[in-house]
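Encoded as structure tokens, the following chain is the form predicted on its own, with no partner shown.
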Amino acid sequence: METVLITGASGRVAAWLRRHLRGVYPRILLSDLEPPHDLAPNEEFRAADLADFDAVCRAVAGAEGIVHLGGHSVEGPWPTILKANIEGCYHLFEAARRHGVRRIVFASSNHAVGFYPRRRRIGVDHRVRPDSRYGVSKVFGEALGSLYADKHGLRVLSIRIGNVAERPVDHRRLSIWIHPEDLAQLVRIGLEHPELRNEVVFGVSDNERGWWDNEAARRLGYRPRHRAEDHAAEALAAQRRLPPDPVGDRFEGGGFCSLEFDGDPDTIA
């Protein structure tokens, strides 16, 4: 793998990831609406709106692997999600096919399964339960990855990312947190593992309070180096300062579940 494209390159997650991938791949292409401010000598910026298929094709040209972080990163109105996360994701996969890209690492999300109760332990074979329009778009991206793997031979790793940060900052994140170094390890598995075809894994560090069975990632060689429990005291202290969320506190998706909620949480649980 000589040339890797990172979409959403000006975002916070991409900034962390670039630090851990620097020196791993000889040439890194970066794409977003605006360039990051700290381009390294081996990085090249290519402006592209994911809604513009021709621009996406230009960004993809020459890449052997893609880390797709781009799109709208939180809940939003349907037209925004549709354009950035659904049409944009299709443009990315189709451009990759046309330009002979071999591998795609898709940044999925825990919000694809956010309506599972926190007392449930689930694996990647459990049915999806998105908690938002944003979560629906991540389910779509996983399905698109499966289609392009089976029909067109791309190798795809979809990572259901919990929360990327230097440390977990509340009770929920003690279960879903992933350190940027551990995320970079998963990304490298997606770009390099010789037997990868199409897999969905959870993007979490070594979290004692975790809700997810990450056997699929372990099977691919994932060995997280960071532990959420090392930060438990600070995270729980911060949690005590937060207001209660009668809906979000019950489900894995947290506040994404309570946003616009007018259902019956007992029925869901």
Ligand code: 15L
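Here the structure is a predicted model, which is why all the values come from computation and not from measurement. The first residue of the sequence shown is number 1, and the count goes up from there.
Omitted here: the form predicted together with D-galactaro-1,5-lactone (15L). The next part is about that form.
A.B. asks: Can you work out whether D-galactaro-1,5-lactone (15L) is within 4.5 angstroms of a heavy atom in all three of S73, S109 and R173 in the predicted bound form?
C.D. replies: Every residue of the spot touches D-galactaro-1,5-lactone (15L) in the predicted bound form.
A.B. asks: Considering D-galactaro-1,5-lactone (15L) in the predicted bound form, find the one stretch among 190-198, 86-94, 150-158, 109-117 with heavy atoms no farther than 4.5 Å from it.
C.D. replies: Every other range fails; the passing one is 109-117.
A.B. asks: Taking heavy atoms and a 4.5 Å cut-off, does F256 contact D-galactaro-1,5-lactone (15L) in the predicted bound form?
C.D. replies: Yes, F256 is a contact residue.
A.B. asks: So, in the predicted bound form, is G162 in contact with D-galactaro-1,5-lactone (15L) at a 4.5 angstroms heavy atom limit?
C.D. replies: Judged by the heavy-atom cut-off of 4.5 Å, G162 is in contact with D-galactaro-1,5-lactone (15L) in the predicted bound form.
A.B. asks: For 124-157: residues with a non-hydrogen atom within 4.5 angstroms of D-galactaro-1,5-lactone (15L) in the predicted bound form?
C.D. replies: Heavy-atom contacts within 4.5 Å come from Y134 alone.
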